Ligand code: NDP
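Below sits a lone chain in structure tokens, taken as the form predicted on its own.
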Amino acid sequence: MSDTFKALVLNQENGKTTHSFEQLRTDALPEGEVVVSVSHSSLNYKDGLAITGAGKIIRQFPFVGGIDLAGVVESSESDQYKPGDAVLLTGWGVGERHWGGFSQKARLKAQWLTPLPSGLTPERAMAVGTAGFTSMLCVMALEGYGIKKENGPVLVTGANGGVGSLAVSLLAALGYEVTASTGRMEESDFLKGLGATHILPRDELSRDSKPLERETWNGAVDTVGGKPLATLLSQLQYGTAVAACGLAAGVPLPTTVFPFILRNIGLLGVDSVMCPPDKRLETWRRITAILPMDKLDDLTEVIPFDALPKAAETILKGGIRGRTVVDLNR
């Protein structure tokens, strides 16, 4: 097996992030017990920020980004894995603090890896990726709070994005009535194809809201934060909750305590980066059991490695719907 491999390497020149495809040797990889031959990765919003330098995601250079990866173990110093094992990785700061998946090889800590679930190809695993993993965590958070599908519609914000589109598909597959909020109403048919019953224009949430508005939603998955989150909090039914995992619409949350103390609602923060291994296994098991693979394929575009930098620019402009998988061998 060749000791050289292709990677998208980030550097910084005069305070500006640059990128270039380079041929590296295995001894250039950072420390870890397991070397993975990476076949697929995926493009997330955070990856777009890192590649373009639009966000302070990377602080040490040179660096290889990519918060998701899937492939086969090439060598292992850990009893957990052996050569030939199919694995995937999301989270753990990989692609932010430790070299990630935009490379045909990666050296990683064994505890960060998850066995590839039976029934998932590496391509489909990356179509799920961090976005789908986070979506499933959000759905599980709502289930744990006691949100019942028979009690009315559940709202998903940022529904055209990776997390949002997979949340729509998962909730619909579980029998929930799903309203999808989007700023791209031309994508309504796409969202209905994933299982959304109603489409809500983003402008109806991206506004100044009253502390309490009409009780509408039997729970929500929020991927954007900011004013949309504040508005939907004011509209949650008594005793329900929102699972929040994003901040594309802003970090400040212009709301009051009224929804929490007068309607007994919950704000459930969801983090996928440091999710413990046991919960990861259960989450992937549920994804594999619940997510309709035809719907996953419908919302996925597979691009060659060389197309990644351009796609990173596009995702920051809101020009990508669903999921983008990167085939590192194309």
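If you're wondering where the values come from, they're calculated on a predicted model, not measured in any experiment. Numbers for residues come from their place in the sequence shown, where the first is 1.
Missing here is the form predicted in complex with the named molecule; even so, the following discussion is about that form.
- Of the residues given (His98, Arg107, Arg124, Arg202), Arg202 alone sits with a heavy atom within 4.5 Å of the named molecule in the model of the complex.
- Interface residue among Asp294, Glu31, Asp27, Asp271 relative to the named molecule in the model of the complex, by the heavy atom within 4.5 Å criterion: Asp271.
- The closest non-hydrogen atom of Val87 lies beyond 4.5 Å of the named molecule in the model of the complex.
- The closest non-hydrogen atom of Val128 lies beyond 4.5 Å of the named molecule in the model of the complex.
- Looking at Gly239, you'd find every heavy atom of it more than 4.5 angstroms from the named molecule in the model of the complex.
- For the chain shown alone, Gly246 is a contact residue for the named molecule in the model of the complex, at least one non-hydrogen atom being within 4.5 angstroms.
- None of 219 to 227, 76 to 84, 254 to 262, 108 to 116 except one has non-hydrogen atoms within 4.5 angstroms of the named molecule in the model of the complex; the exception is 219 to 227.
- For the stretch 40 to 54, the set of residues having any non-hydrogen atom within 4.5 angstroms of the named molecule in the model of the complex comprises Asn44, Tyr45, in sequence order.
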